[in-house]
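Next comes just one chain, in C-alpha cells: the form predicted on its own.
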Amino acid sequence: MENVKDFLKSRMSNENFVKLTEIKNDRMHKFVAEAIELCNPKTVFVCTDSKQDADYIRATSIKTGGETPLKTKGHTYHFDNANDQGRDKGKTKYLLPKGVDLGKRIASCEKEQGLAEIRGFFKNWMEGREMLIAFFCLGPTGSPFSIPCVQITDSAYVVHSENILYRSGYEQFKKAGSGPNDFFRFLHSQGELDGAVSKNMEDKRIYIDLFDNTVYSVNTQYAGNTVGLKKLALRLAINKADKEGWLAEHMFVMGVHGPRGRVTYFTGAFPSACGKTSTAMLPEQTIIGDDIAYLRKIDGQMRCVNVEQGIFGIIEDVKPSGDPVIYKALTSEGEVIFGNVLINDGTPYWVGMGKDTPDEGINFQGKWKKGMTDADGAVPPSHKNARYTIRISALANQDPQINAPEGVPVGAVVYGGRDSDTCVPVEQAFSWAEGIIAKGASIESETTAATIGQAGVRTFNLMSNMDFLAIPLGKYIQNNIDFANGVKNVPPVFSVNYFLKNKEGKYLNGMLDKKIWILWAELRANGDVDAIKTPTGFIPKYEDLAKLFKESLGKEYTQQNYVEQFTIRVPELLAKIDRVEKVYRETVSDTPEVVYKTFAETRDRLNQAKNKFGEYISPFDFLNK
C-alpha cells in the first residue's frame, strides 16, 4: 500500500476520514488501512470520545441484534452461542517467531503459520458490514500507567461493552501527536452469524502477537474472547511490564476502611468465580477495580491503578443479602448489559438472585421452561457464567481515588482460590518473597464455569494469572519477587480461603465472613493486632476475630468456629506442596531456586509441627507450645 491516507480516504466518508486523521499517528493509520483492505467492510465508522458517537454505537448494537432492550431504562441483554460461553483456552494461542519458547504450559503456534490462518478467516469477512474503529486507554488517562489502544471490529456489542468498561482514548491519541508507537491493537470479527450469534465455533480463533502488540479474534462474541482490552490486553501488558520493570496482574484494587477513618488499599488475585468481585465489593468498603491492576514503583512506593472503569462480573448468586450494592445497581435505571441470563417479559433473571425464577422465558439456548433437561441433566435458567457489564461509577461504593493518575499506595496483597480442604480462611506470609511463592505462586483452585471445560477440577493457577501469562513462568515469579526491591515499606502478603469445608462437606465460612478476614488483614497490615505463628504463616488470635465478628457482622464467633476454621491440616498442606512442586519440576524449566527452597522449608516446619502436635493442629496448640 503506497499511500495509506489516499487509500483511507477512498474507503471512508469524509467525516470519518477527518476524525481518523486528526490523530497524527502513521502507525495507527497503517493498522487501520491494512484491516480495511483485509476485511473489506461496506462502511467504516470512527468513534471519538463524544456522547454522540457512544450513543450511535449503542443504537447500532440494538439495531443489528447484538443487544435487545429490557424494561428498565438503559438495560439491554446479549446472548452468545451455547458453545461460546467462556474464555476458550483451547483456541487461544500466542504467535511466536521461530526459536521463541514460553514453556510447556503456555499455548502457542508458529507466527507466520498462525497469521496466515487467521488472516484467511478475516479475508472479506466484513463485506456488507460496517467496520467500527474505537480508541481506549488502559489505566487513567494522562497517567504513567496509561496504555493507549485501538479496537477494530464489526460488533457494536463489543465496542459498547468497551465504552462501559474502559476509559475513552481518542483525545489522548490526539494529544500524543505522532506517538505513541507501542499502542495495543485489536482486530475482531463475529464471523458468520446465525441470527445475531456467531455460528462457526469450530473456526473460533484468538491469536496474540506479543511482538507486534496485536490481538486477533474471529468467529466468537463472548466478551472474554472479544473485548480485547480485558484479558487479551492483559497478556500484552504482562509482556510489556516484563520489559519495563512493572507488573500487570489479575487483581482487584479496593479501599479497606480501618479504625479512625484509615483507608488501606489492597490488591488481590483470585481465579475467576472465586470471590474476587465480591471481596472488592465488601460492605462499608470502597472499590477501585475488581479484575486487573497495573503496579509501578513511584518514589520508593508501590502504587497501583485499576486498568478498567467498569465491571464484567459473574451474575450468579448476586442477591440483595450478599451483594447489596451491585444488586441495587443492576435493578436500577442506568447503562447495564446482561449476558446469557434468562429473559421473561423484558426482565432479566439469574440463578441465585434471591427471588423466584419464572417458569419460562428465553435464554442463550432459546426457549426455556422449568423442568427442561438435556444430556447433562436439568437445564438452568441462566448460564453459570452469565454476566453483567456496568460502570463502577454506577455503584454507591466507588472509591474517590479511582481515576488518580498516580494510582493508590499498595497497603497489602491478597491471594485466594477455591480450596475445600487445605488452607485456613486468612493467613499472613512471613515475608514478601515467601508470600509470592507460598501464597501466590502456589495457588490451586477448583475450576468453574468461567472457562470452557469440566468444572470442579483442582488446577494449578500461578498468581491466578496462569491463563494470561505471556512470559516464562519462572521469570514471572522472579519479577514479582524482585518488585519489592527499593520499596521503602513493603506491603504484607496474605492468603484467604472462602471455600473451606468440614469432613461432611459443609462450608465453614459464611457468605459475609470474608469481610472479617479482610478487616483482620487491614489491622495486621497496620500493626494493630498480634498473630499466632504457624508453620505456614501468621493466623489471627481468637479474641481479635470474635471482636470483629461482633462489631462488623453483629454475630457471635465461638471458639468451636475458630478451631474448625483455623486448624492446621498438615497432611493436606504437605500434599499440596508435593503437587505444586511437581508442576514446577516437570513443566517449568526456569523455576528460581528460591521456590524449591521455600517449599523445603515449609515442608520441614510442617513435619516438625506434626511430630510435636499431630496431623491436625488446633491454633490454640501454637499458643501453648
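These numbers come from a predicted model, not from an experiment. Residue numbers here begin at 1 and follow the sequence given.
Missing here is the form predicted in complex with ligand SPV; even so, the following discussion is about that form.
Note that among 236 to 244, 72 to 80, 405 to 413, 222 to 230, the stretch whose heavy atoms approach ligand SPV to within 4.5 Å in the predicted complex is 222 to 230. The listed set 418, 91, 384, 250 contains one residue whose heavy atoms approach ligand SPV in the predicted complex to within 4.5 Å, identified as 250. Out of the listed residues 291, 399, 84, 522, 291 is the one that sits within 4.5 Å of ligand SPV in the predicted complex by at least one heavy atom. In the predicted complex, ligand SPV stays beyond 4.5 Å of every heavy atom belonging to residue 389. By the criterion of a heavy atom within 4.5 Å, residue 146 is excluded from the residues contacting ligand SPV in the predicted complex. Proximity of residue 312 to ligand SPV in the predicted complex falls within the 4.5 Å heavy atom cutoff.
Residue 272 belongs to the set of residues with a heavy atom inside 4.5 Å of ligand SPV in the predicted complex.
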